[in-house]
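First, one chain by itself in structure tokens, the form predicted alone.
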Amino acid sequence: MIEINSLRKTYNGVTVLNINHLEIKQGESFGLVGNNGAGKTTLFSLLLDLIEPSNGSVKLKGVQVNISEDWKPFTAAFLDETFLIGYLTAEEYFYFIGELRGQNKATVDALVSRYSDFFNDEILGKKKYLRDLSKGNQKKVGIIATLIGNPELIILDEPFANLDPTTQFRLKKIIRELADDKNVTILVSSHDLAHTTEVSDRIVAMHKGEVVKDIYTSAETLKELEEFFAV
């Protein structure tokens, strides 16, 4: 699903990302962990062609993202609230994304209604613009919007931040259910090692722009990561 080769990003002579080779298979639930400045968001931005690489390539299903846009129909992402359209309500935004992905309103309504518990009666039917919602509720809208149109690749940057414990629990359940579909590849970046371990089949740890650990999750994974970051 994802193939990264000789990928480097440099700003003003400082290399912030340097990954020689990384492959993520279709159907994997993949977690990315690291401290601030580790390069997680830079990597996601390169995956989504939001910034140009200084060197190397990113391919999604064989499509090099900075050369062709053929990866966009099967890819969905939410990195932060800049992905939203502030002057729309949640419903209007969902319909907008649905139209982009060839989904009619009835199909969008059916999908959104499945996640009413996740919204906790704070978003739908409130006639509030997205810009007027809390950071947590904006994040809920952005996350559910990624599910519209049945994408094969879903990328979420820090999805657990700004969410209360109940919503975090519900989000983990949503991600695990998505991970059961082996046609769907999920990438989740988070500072929270416990949450990431719970929802990921495989975890990569980054430090100063480089991959320093690449492990498949087991009963010992959380302890291993805690010990690594405690040093």
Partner chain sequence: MFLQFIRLEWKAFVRSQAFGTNLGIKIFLGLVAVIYSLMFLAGSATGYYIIQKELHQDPLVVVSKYLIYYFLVDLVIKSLLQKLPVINIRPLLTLPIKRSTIVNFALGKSLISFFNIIHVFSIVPFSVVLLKEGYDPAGVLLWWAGMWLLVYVNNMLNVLMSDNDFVFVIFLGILGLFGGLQYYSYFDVTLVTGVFFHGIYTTYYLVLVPVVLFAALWWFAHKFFSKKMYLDTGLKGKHQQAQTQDFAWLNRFGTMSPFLKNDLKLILRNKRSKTTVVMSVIFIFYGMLFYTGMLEVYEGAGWQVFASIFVSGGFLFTFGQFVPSWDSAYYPLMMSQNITYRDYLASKWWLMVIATAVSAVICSFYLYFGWHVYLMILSGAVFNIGVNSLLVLFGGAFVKTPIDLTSGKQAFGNKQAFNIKTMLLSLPKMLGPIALYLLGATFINETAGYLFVTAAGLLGLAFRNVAFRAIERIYKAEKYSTIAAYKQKG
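Positions refer to the first chain, counted from 1. Please read these numbers as outputs of a predicted model, since none were measured by experiment.
Note that the form predicted together with the partner chain isn't included here; everything after this is about it.
Decide whether Leu50 counts as a contact residue for the partner chain in the predicted complex under a heavy atom distance cut-off of 4.5 Å.
Although the partner chain is absent here, Leu50 would touch it in the predicted complex, with heavy atoms inside 4.5 Å.
Is the gap between Leu84 and the partner chain in the predicted complex 4.5 Å or less for some heavy atom pair?
Contact with the partner chain, yes.
Is there a non-hydrogen atom of Asn55 within 4.5 angstroms of a non-hydrogen atom of the partner chain in the predicted complex?
No, Asn55 is distant from the partner.
Is there a heavy atom of Asp132 lying 4.5 Å or less from a heavy atom of the partner chain in the predicted complex?
So Asp132 counts as contacting the partner chain.
Report the stretch among 161-169, 196-204, 178-186, 63-71 that approaches the partner chain in the predicted complex to within 4.5 Å, counting heavy atoms only.
In the other structure, the partner sits against 63-71.
So in the predicted complex, are Tyr93, Glu99 and Lys128 all sitting within 4.5 Å of the partner chain, heavy atoms only?
Yes, all three are in contact.
Could you list which residues of 103-125 come within 4.5 Å of the partner chain in the predicted complex, counting heavy atoms only?
Counting only heavy atoms within 4.5 Å of the partner chain in the predicted complex, the single contacting residue of 103-125 is Lys105.
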